[in-house]
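Alright, here's a single protein chain in two forms, structure 1 and structure 2, each given by itself as structure tokens.
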Structure 1
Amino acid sequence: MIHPTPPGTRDVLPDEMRELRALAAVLRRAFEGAGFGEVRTPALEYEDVLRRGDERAGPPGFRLFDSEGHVLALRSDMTIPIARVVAARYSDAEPPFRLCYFAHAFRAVERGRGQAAEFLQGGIELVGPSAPVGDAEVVSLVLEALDEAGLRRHRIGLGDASLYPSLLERLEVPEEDRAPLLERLGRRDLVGLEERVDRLDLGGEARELLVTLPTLRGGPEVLERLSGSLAPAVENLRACYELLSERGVAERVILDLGLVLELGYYTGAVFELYDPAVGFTLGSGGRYDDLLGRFGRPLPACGMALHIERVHVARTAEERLR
């Protein structure tokens, strides 16, 4: 008789394990080499702690009670636990803090969708430096680490979580209409977004901007689409892109004015990693300047997490090409 594992979980046998270990070792060496020390946090956290990090997040995928009736949850990412660590364990220390991790995170999955409920994340968190310097350090380190891991065709999407909201404000879109627009943008429903923008009865130029902005992605030329009084909205992106050019990684960067991530704690730059061999993103991250304050240590911060198993798929595909 075969005893199953829960949906979305799996066993890893020695051949794969060796490759995953080797991959993580390369990435760890790159992160440690850049001064990011590895930390480990408990897989279980108090649910209240995780919720404090992201109030807009849905319920955690897995919850349980301890012997005293407290609600515990399996972490759904490492960023919130690390924010807790920094606030609790480095309360007097002088920033910056550079930390990295390799740990499993957990999310609820639906049966039959081929998604992982338990997945291995590897990533970095940079606490202290603000935008754009901190953003550029995180992006370029992740790109270099992936180079060392043997990826050749990976690209990073660079957007700004505050761009569309600030645009809505600058165009004086009524407050009550903003949430529905952002919700459609977050769902990648560009048809619904256009419908909703049309209902606002804006002038031709403002309408055009709200509809086309989410489709603008490519090189630095996309930044030119916002001019005049709207230009400051992309100032952060422009500055970050310039720093990345100086670091020599600009050709890997896709500026993406429509990039929005589902996690609610991002306040500035957001990143997504792509590789042509994989249909899903290899990782994501961004700037979360408000998160540490919720744990009592207000500091700007930025980070990025890689989905190690997907990086492994991309790397395997890369080896086949050689």
Structure 2
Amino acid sequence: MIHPTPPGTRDVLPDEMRELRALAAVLRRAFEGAGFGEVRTPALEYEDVLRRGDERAGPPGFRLFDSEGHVLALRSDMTIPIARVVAARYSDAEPPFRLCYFAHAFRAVERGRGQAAEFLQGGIELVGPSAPVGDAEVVSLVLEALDEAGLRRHRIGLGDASLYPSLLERLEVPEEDRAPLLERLGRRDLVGLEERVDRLDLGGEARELLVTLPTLRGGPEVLERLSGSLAPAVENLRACYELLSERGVAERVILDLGLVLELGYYTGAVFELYDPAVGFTLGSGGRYDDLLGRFGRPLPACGMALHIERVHVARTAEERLR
């Protein structure tokens, strides 16, 4: 008789478990060697704490009640809990704060979609340094940590969460039409995005800009295509790219002007990690300068989380190719 596990969960057996622990140990040494101290937070948080961190998010995937009737939820990522920790436990300390973590996160999935409802994240959060200096530190450390973990083909997409919303505002797109456009952009549904743009009845130049911007990817030359009200986001990307060049990792960076992440707290640079050996992202992150202020201590911050099991699969796939 086979007793199934809940959708999106799985058992990990000893051979794979040893490899996952070894991979996490390499990443932990890289993070701690760069001055990032490891923290642990509860898997359960009060639901209103998670909502305070991201008001645009829907209901948590897993909710329950404690004995006093409070609504609890399993965390879906570590950024909001760490923002809470910094505001509460470091209220009188002087930044910067460099924190890392290795912890399970939980998200609801649809049966049969092959997505993980429980997964191990390893990541860093840098609180205090502003853009672009903090962004470059996070990106370069993650790329170097993955080098030490044995990956050779990984690349990181670098975009800006404020870019497309700024364009929508500049073109005076009605508020009620902006969220559907951003939702399709976040899913990389460029066909659906174009269909929604066509419903707006904009002029030819405005329509072309909304449809073309998400397709612009490459080196710093793609930034020359934008100007005007988009200049601040473009200048931050240009400055970040230059800092990454100085750190010797720019060859692994792809500027992606259509990159948008689903989490609502990102305010500036956003990152997404790829490896051509596999067909899925290995991690993501970005700048969230408004998040800590929601918990009582306004500070600039950015971070990035790696999906450890996916990194493990990518490393194995690279080894087979080699």
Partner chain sequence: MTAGTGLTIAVPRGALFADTLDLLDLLEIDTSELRSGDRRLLFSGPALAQRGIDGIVTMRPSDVPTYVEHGAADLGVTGKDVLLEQTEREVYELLDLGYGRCRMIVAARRGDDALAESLRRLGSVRIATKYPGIATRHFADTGRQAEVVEVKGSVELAPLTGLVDGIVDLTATGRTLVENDLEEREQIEVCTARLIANPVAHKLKAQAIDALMARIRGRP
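By convention here, residues take numbers in order along the sequence of structure 1, the first being 1. Remember, it's a predicted structure, so these values are computed and weren't measured experimentally. The term rigid core refers to the maximal set of C-alpha atoms that superpose within 1.5 Å between the two forms.
Only structure 1 matches the form predicted together with the partner chain.
Two rigid parts move between the two structures, and the turn of the smaller against the larger, rounded to whole degrees, is 14°.
Comparison between the two structures places the CA of residue 169 3.2 angstrom away from its other position, after core fitting. Superposing the rigid core and comparing between the two structures gives a CA shift of 4.7 Å at residue 202.
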